[in-house]
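Only one chain is given next, in structure tokens, and it is the form predicted on its own.
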Amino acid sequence: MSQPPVAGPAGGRQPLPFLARLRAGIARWWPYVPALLPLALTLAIVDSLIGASRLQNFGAGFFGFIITDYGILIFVVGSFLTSVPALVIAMLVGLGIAIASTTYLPRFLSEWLDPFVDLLAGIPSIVYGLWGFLIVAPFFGHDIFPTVAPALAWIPGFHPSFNSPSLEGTGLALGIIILTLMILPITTLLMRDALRSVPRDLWESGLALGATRWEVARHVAIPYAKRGIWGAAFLGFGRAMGETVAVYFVIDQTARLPTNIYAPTSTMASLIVSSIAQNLAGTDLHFLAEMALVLLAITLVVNVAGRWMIRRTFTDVAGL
């Protein structure tokens, strides 16, 4: 504890000794240090990337399609082509799981099944990637794609460029499937918590008026929890955009736009992980650092927006 001021001979107050004042200042300000560490780490990462890139390639050509002139638009498009469909599928499936868990399943069964969703969220991405490359890709390439491709050839983007899709099974379609499995746990958990934040009075009032459980979920619970659901979508999209190793294993890593859903392509994250080992110096490293800056900016904006919407949802609940 800091020492109290000492009364002087004339009844005045003498200033605290230097060490006592230093201890008092530390005791006052040290709780702020852990809270500021994430911000400091983010700024340090941004500063390191700016220093490594030197921003020498930024310009109109950097966001173009010409790879030899360090254009990244192909990889930006590839990232969105894998992340957006995966997000749509994960949101639809995750919302179904969340509604079933909060509305239809008995409480004891829901509490028994919920940990399995948490377990999926903890599986490392390298496991998803190896599983997709070694098990899922051959199965899709030999059994699924040759059967599905002719049946869906009338849909734009589903018509194969050749007589049959690649027997290897890797490409955009498998990348979407693996990303869906990877972001499904986080979207499901967030939507489940958002639906569980709906006051029980609203559920019981809807049921008392004669509505079915589905009607209450559709017309009452989902609109009430819409900010949390949108927040889950933003955070899931940020996770999908930043996934690296799993996508690198299954997307076939080709620096061109896909001609159909079975074709290979590349994303910003998969390009970085495949190129960084071979380009440790020179202009190529600067290019990769600049691409990492773009990817970091996208994911930061998406994650901040998602967390803001989730916080708004639970703030509204607390204000009731």
Partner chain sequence: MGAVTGAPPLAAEDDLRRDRSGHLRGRTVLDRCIGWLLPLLFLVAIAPILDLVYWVASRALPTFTLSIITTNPSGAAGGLLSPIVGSLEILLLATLVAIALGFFGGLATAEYLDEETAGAIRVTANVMVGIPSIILGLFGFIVFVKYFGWGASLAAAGVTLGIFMTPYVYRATDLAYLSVPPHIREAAVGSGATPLQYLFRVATPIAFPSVLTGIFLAMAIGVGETAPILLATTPVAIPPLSLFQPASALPLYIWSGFENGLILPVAIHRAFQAAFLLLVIVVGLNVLVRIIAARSRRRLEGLFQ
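Numbering follows the first chain given and starts at 1. The shown structure was predicted, so the numbers you read here are calculated from the model rather than taken from an experiment.
This next part talks about the form predicted in complex with the partner chain, which is not shown.
With a 4.5 Å cutoff on heavy atoms, residue 230 does not count as touching the partner chain in the predicted complex; it lies far away.
Proximity of residue 307 to the partner chain in the predicted complex: non-hydrogen atoms within 4.5 Å are present. Contact check for residue 23: no non-hydrogen atom falls within 4.5 Å of the partner chain in the predicted complex. A residue is said to contact a partner when one of its heavy atoms sits within 4.5 Å of a partner heavy atom; residue 289 meets this definition for the partner chain in the predicted complex. This chain lacks the partner; the member of 223, 150, 199, 157 within 4.5 angstroms of the partner chain in the predicted complex by a non-hydrogen atom is 199.
Contacts between stretch 88 to 117 and the partner chain, counted in the predicted complex as any heavy atom lying within 4.5 Å, involve 93, 96, 97, 99, 100, 101, 102, 103, 104, 105, 106, 113, 114, 115, 116, 117, listed in sequence order.
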